[in-house]
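This document opens with one chain alone, in structure tokens, the form predicted on its own.
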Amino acid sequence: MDVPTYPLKGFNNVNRYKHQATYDVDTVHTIVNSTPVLHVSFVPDPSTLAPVVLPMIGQLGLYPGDESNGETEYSCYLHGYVSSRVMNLASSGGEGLPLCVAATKVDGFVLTLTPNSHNYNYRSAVLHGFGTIVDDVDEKLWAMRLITDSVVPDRYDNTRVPPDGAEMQSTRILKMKVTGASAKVREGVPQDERKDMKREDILDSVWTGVVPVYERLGEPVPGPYNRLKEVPEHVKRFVKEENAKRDAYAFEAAKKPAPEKRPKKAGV
């Protein structure tokens, strides 16, 4: 069975460390959808070509209404305020505002024999596309649920919903049609140059290894006007499961073989 991939179009080709590149759709989506803050780049004034980068909350998803019309490719939904510059620019119509979205997760500090070969275990993804404003109320509500539940699963239904008129008017959803994407993943133990691996004095004096890195969620702290004695089950479950998942990934990545720059041919 073929694995769905984003096609190479030149602008999304990975040139550096190609052996760590992937265009696998599931990998790209997982990285983006598990990153709390996405960095969104755009050019506000084509006459100056000075880019702006904004931290935003977003998720990749396929709106059921699009799916019923035969759409199969996910869009990136970004949440923002009605008067923000990126939202105003995306309201101008046409194909939409050209955007680039980046997501990065660091899973370990890779400590080697020399400073030059130090590295990170990491996962990164980049999306390219065009953003337009979601005007359809049903799609907007669907996207607001999608983004809210990406923070804590089931959170949307455990709050005061639906949003009221003022909230709907002050919130805008930017829908980015993805025209190309790529990802890079580095997992594994340290890797040094042959010249250093042959030096016994260096091997005997320098510690090498991986320091696993992962975001850890703390114990939920009640707010000043909270009246519930117990932390809701959906919050407790999220904290427990996320910590276990993040911990496991970082430590497993630290023990894997280093990436092969020139993978061995089959049968060799």
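Start at 1 with the first residue shown and count on from there. Since the model is a prediction, treat every value here as computed from it, not as a measurement.
Quick note: we don't show the form predicted in complex with another copy of the chain, though the next part is all about it.
Put simply, S170 is close to another copy of the chain in the predicted complex: some heavy atom of it is within 4.5 Å. Contact annotation: L111 falls within 4.5 Å of another copy of the chain in the predicted complex, judged by heavy atom distances. Mapping the unseen interface onto this chain, W142 falls outside it, with no heavy atom inside 4.5 Å of another copy of the chain in the predicted complex. When another copy of the chain is considered in the predicted complex, K177 lies well away from it, no heavy atom lying within 4.5 Å. Contact here is defined as any heavy atom lying within 4.5 Å of another copy of the chain in the predicted complex, and by that definition each of I57, C100 and P115 is a contact residue.
Interface residues of 190-213, taken as those with a heavy atom within 4.5 Å of another copy of the chain in the predicted complex (partner not displayed): P190, Q191, D192, K195, D196, M197, E200, I202, L203, D204, S205, V206, W207, T208, G209, V210, V211, P212, V213, in sequence order.
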